[in-house]
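Heads up, the chain below is alone and in the form predicted alone; it's given as structure tokens.
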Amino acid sequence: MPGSLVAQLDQVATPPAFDGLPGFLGTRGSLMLDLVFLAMFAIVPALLLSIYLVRFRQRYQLHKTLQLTLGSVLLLAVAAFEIDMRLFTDWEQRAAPSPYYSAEGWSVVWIALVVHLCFAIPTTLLWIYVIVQALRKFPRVPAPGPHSLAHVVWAWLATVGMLMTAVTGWGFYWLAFVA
């Protein structure tokens, strides 16, 4: 009998675990998952607009400003997202009801996450590289120069990486938190 009283008191004294803030899209996603999911719908068109402006309108300063803004926003969003995922949100608990998720081993959700990370991690590093090289090798007021060809090649790789990061992220989100 005394053991059961201690167990009951222990349950009363232990508050339920905090699992992040609830999302606003009506799915099982957390607030940060929903924000990042929607943010990519803004980032991708802004990225494409920035490329259009530099490629077809020669708006180099506007391209630079947009790219630095996108890079800063993405850096802050990814940092906030990682802090939330590591410290507050148990994404696996939220994904558990999905028919594509299994905590026991590999599942479609886990595979989708790995594929997403195979794009997201290198793309992050590539974006940093492209931005740092552009800041170092282009004049303060941007204009075509000796670094232009290398910049175009690396920037297109970063763009494809960002598009694939978005698509695979949306797929992971749907599989884990909508299905």
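The shown structure was predicted, so the numbers you read here are calculated from the model rather than taken from an experiment. The first residue of the shown sequence is 1; numbering continues from there.
Absent from the display: the form predicted together with a small molecule. The rest refers to it.
Visitor: Of the options 39, 48, 152, 118, which one has a non-hydrogen atom that comes within 4.5 Å of the small molecule in the predicted complex?
Guide: When the small molecule is considered in the predicted complex, the option within 4.5 Å is 152.
Visitor: Taking the shortest heavy atom distance, is residue 28 within 4.5 Å of the small molecule in the predicted complex?
Guide: Residue 28: no contact with the small molecule in the predicted complex.
Visitor: Given that the small molecule is not shown alongside this chain, does residue 43 nevertheless sit within 4.5 Å of it in the predicted complex, heavy atom to heavy atom?
Guide: The answer is no: residue 43 has no heavy atom within 4.5 Å of the small molecule.
Visitor: Answer for residue 168 alone: is it within 4.5 Å of the small molecule in the predicted complex, judged on heavy atom distances?
Guide: Contact check for residue 168: no, nothing within 4.5 Å of the small molecule in the predicted complex.
Visitor: Given that the partner is absent here, does residue 164 sit within 4.5 Å of the small molecule in the predicted complex, heavy atoms only?
Guide: So residue 164 does not count as contacting the small molecule.
Visitor: Is the small molecule in the predicted complex close enough to 96, 111 and 174 that every residue in that trio has a heavy atom within 4.5 angstroms of it?
Guide: Not a single listed residue reaches the small molecule in the predicted complex, so no.
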